[in-house]
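Take a look at this one chain, the form predicted on its own, written out in structure tokens.
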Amino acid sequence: MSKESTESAEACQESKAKQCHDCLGVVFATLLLRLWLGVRALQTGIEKFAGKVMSEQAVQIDGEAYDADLTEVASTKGYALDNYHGIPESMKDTFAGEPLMMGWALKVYDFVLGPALLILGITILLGIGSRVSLFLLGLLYVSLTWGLILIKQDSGVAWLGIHVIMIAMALNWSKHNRLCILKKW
């Protein structure tokens, strides 16, 4: 083997080692993006089932009721199917008052939003059709952005814009996506 071919082979190995080193960083970045986006969607979907449970108890001093008529109200957060609200109650009237907001779309969103976020969060976390799941989550965020633009919630629009940029980054790096159950889509 000549000296030139040996040097060429060493240069090739160094190049491959450098590519592998760079590739590992992109793999970790892709995994972190996928985890963040999946957890964000999953927890947002779970929060659609959150509600408050109010309780009224007698005020106690030294472990005994001070006065049966003197009570305190406490609330605790709980999750149940009965608490489900796709669109928060406080925003329903605002959306309904918008002339460009279609009434049927509000009903669809109110029914579908929570389950859609749960399903997309799980599929992104597990890597089931990651690219399709990320694309659908991006479309969902774009549609939510449209609604927030209508009611002039500029901070929410900015946050969703950041989410869409993160999804675009994850899609751009999808060839480096690892730990997937179904990688094809």
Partner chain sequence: MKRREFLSKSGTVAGAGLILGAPSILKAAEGNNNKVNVALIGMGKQGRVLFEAMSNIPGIHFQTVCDIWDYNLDGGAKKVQALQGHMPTKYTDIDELLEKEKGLDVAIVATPDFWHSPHTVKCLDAGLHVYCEKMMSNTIDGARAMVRAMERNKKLCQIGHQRRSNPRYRYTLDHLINHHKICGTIVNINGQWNRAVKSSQDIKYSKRLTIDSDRLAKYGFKDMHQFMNWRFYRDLSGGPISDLGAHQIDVFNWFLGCQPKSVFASAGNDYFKTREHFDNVMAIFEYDSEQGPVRAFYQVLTTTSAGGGFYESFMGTDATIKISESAASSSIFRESTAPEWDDLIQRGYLRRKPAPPKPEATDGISSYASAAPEEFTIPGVLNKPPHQNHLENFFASVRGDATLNCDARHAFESEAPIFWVNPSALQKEPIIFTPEQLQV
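Since this is a predicted model, take the numbers as computed values, not measurements. Residue numbers count along the first chain shown, from 1.
Unshown form predicted together with the partner chain; subsequent notes refer to it.
Partner proximity in the model of the complex: residue 68 to the partner chain, non-hydrogen atom cutoff 4.5 Å = Output for residue 68 is yes: heavy atoms within 4.5 Å of the partner chain.
query = Does the partner chain come within 4.5 Å of any heavy atom of residue 61 in the model of the complex?
reply = Output for residue 61 is yes: heavy atoms within 4.5 Å of the partner chain.
request  = Report whether the minimum heavy atom distance between residue 87 and the partner chain in the model of the complex is within 4.5 Å.
outcome  = Outside the cut-off, so no.
ask   = Does any heavy atom of residue 107 come within 4.5 Å of a heavy atom of the partner chain in the model of the complex?
value = The answer is yes: residue 107 has a heavy atom within 4.5 Å of the partner chain.
query = Pick from 52 to 60, 139 to 147, 120 to 128, 36 to 44: which stretch has non-hydrogen atoms within 4.5 Å of the partner chain in the model of the complex?
reply = Among the listed stretches, the partner-contacting one is 52 to 60.
key: the partner chain in the model of the complex - contacting residues of 94 to 108, heavy atom within 4.5 Å   = Residues within 4.5 Å: 96, 97, 98, 99, 101, 102, 103, 107.
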